[in-house]
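Just the one chain here, the form predicted alone, laid out as structure tokens.
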Amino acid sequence: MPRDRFDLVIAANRLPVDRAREGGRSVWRRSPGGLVTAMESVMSDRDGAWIGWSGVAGRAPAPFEQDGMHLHPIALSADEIRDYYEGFSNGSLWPIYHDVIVPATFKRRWQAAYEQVNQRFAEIAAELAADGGTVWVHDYQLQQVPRLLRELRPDVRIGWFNHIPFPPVELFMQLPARDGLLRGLLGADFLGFQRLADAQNFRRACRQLLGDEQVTVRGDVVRTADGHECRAAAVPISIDTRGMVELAATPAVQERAAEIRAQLGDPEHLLLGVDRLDYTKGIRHRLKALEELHREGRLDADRTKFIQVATPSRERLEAYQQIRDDVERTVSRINGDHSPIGAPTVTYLHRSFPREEMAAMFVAADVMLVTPLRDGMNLVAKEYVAAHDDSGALVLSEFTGAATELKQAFLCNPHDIARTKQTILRAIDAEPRERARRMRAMHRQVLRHDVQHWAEQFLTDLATAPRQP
């Protein structure tokens, strides 16, 4: 056993840091993202460790300390990255959990690699957790860890949070590994989901696929045949709201926002989309709606500009290569058909940007287009709202977790292109008073329910979850 053991252990697919080059040497830098920010707040007065993959194939770097947190890298071979991560996690689970927008693929080799990697995470968590400590497991890549860890360390509290949707049982039951995944999750004391519907989907799957002999479901608690009780409930994730509010108000960000608008010719209306380049994000549907609005003359290419940021994602997978090709062809067609000379209608940016530049884009944009076909939450929508207190407009897909919280957004069904077009025009043409009313309500929501609130609520729910003696 290691000399140091920890009261709180986080297990996630990736570490909260990335390798970078600085002054000719390799260093670790804090990763962007709300999860890292949330864990900083809850670990500030705790003895904590984080288990995750470093992002590089081969032997894992030695454990190290960073910003007061013990980081324990997990080794993944090139084959495991292909089979566990690209294969089972993103070729099998991701499509099923996102409404089978593209077909799922099932390979026994992928499933075996997933089980092997989950076992590795569980063993390290078992070594690092203090007696009676807490282990918080994250996301769909590690759904078998709770059961495996409970077998090794029945004394620890185990929580799991799903950052993506959990599918209806009619979709989930397609998975060859379905029973093992459910039993894996039921090893936890508390399961957190983005929406009430996701928690209900999980409980229905347990009832229908495991049956009365293996589980009983009462309210939000699932009890297994050996007497273990697991609570499954909604705990919607959020963002570092105050951090974004303060960043958006800085002179540097305000000046950069004005510069962005000037670079685009000071359009009357600036629209913005920020997404990972993923087929679930509805980027093609969004572009189709905008293309038709320009073709019909309902948008003027001189007065309305659109920035689409598409962060590279899983580019070795065929479905992601296809979405990139489709998006780039559509952007080229829109610009070729409608752009004035020297002033593209769509500015397409296929790369990631630092947080300060993203904040400037949020501030600059009059309308934010967030139109996923299915999304667990979508934190970009909340970041845009945080950057505006009484201006701006948010067009938001009904199929995001955020839609249950940001009810004052201009909601749309991205599958319905005609209605999506109308919704975009409503957001553009809304009176300043209506925009201010909607945005103030959403701004209050994200201020009250920020990422620290989410983390504290989850840990409270985990600490008070039913426990068998």
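Just count from 1 along the sequence shown to find any residue number. None of the values given here were measured: they were computed from a predicted structure.
One more form of this protein should be noted, the form predicted together with ligand ADQ, which is absent from this view; the next part is about it.
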query	finding
Segment assignment from 100-108, 375-383, 180-188, 324-332: heavy atom within 4.5 Å of ligand ADQ in the model of the complex	375-383
Triplet Arg298, Phe410 and Ile424 all within 4.5 Å of ligand ADQ in the model of the complex via a heavy atom	no
Touches ligand ADQ in the model of the complex: Gln174 (any heavy atom, 4.5 Å)	no
Ligand ADQ contact at Ile124 in the model of the complex, heavy atom, 4.5 Å	no
Touches ligand ADQ in the model of the complex: Asn118 (any heavy atom, 4.5 Å)	no
Partner proximity in the model of the complex: Arg276 to ligand ADQ, non-hydrogen atom cutoff 4.5 Å	yes
Answer option from Thr250, Gln263, Ser77, Ser352, heavy atom within 4.5 Å of ligand ADQ in the model of the complex	Ser352
Among the candidates Ala364, Ala233, Met358, Leu93, the residue which, in the model of the complex, approaches ligand ADQ to within 4.5 Å (heavy atoms)	Met358
Stretch 293-318: residues contacting ligand ADQ in the model of the complex, 4.5 Å heavy atom cut-off	Val309, Thr311
